[in-house]
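Take a look at this one chain, the form predicted alone, written out in structure tokens.
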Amino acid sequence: MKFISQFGVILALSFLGEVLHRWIPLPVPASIYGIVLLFLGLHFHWISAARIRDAARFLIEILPLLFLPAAVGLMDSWETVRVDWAAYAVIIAVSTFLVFGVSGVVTERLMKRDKEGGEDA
């Protein structure tokens, strides 16, 4: 029952993300609204991490399985992709390394800020 209630909290936030997606006329996916709501809930302690921990771990463990529908969709539209596959490969490689770089810089700055903040406390 605990697992179902934890998953229910995550689903409720996903549903609220869908509602916001319908109400707010911005080109932002509903899943992003849901993640932002989850972040805000955890940040402002409206939701405790312990309240969703087990369900979140389960979802992270099965994450590769959740990419299968996207892979099947790619295979289904291969005739369209085949024409420009090299351009897609370059875009994927460049954006991947860009995300790596930005993530590294942000992580270093956060670690530096935490280290400096820890010395003051």
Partner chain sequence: MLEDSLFFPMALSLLAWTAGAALHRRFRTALCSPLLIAVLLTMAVLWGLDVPYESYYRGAQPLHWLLTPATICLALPLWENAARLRRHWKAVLAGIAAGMAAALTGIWAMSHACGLSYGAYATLLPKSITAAIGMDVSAGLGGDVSLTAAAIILTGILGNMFAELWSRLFHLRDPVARGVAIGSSAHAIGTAKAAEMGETEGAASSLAMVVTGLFTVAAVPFFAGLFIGG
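Numbering follows the first chain given and starts at 1. Worth saying up front: this structure is predicted, and the values here are computed from it rather than measured. Whichever C-alpha set is largest while still superposing within 1.5 Å between the two forms counts as the rigid core.
There is also a form predicted together with its partner chain; it is not shown, and the following applies to it.
Residue 67 belongs to the set of residues with a heavy atom inside 4.5 Å of its partner chain in the model of the complex. None of the heavy atoms of residue 23 is located within 4.5 Å of its partner chain in the model of the complex. At a distance threshold of 4.5 angstroms between non-hydrogen atoms, residue 11 is in contact with its partner chain in the model of the complex. When contacts are judged by a 4.5 Å heavy atom cut-off, residue 115 counts as touching its partner chain in the model of the complex. Annotation for 85 to 101: interface residues with its partner chain in the model of the complex are 87, 88, 91, 92, 93, 94, 95, 96, 97, 98, 99, 100, 101 [heavy atom within 4.5 Å]. Residue 93 is among the residues whose C-alpha shifts by 2 Å or more between the shown form and the other one once the rigid core is aligned.
A displacement of less than 2 angstroms separates the C-alpha positions of residue 57 between the shown form and the other one, with the rigid core held in common. Taking the rigid core as fixed, one finds a CA shift for residue 43 smaller than 2 Å between the shown form and the other one.
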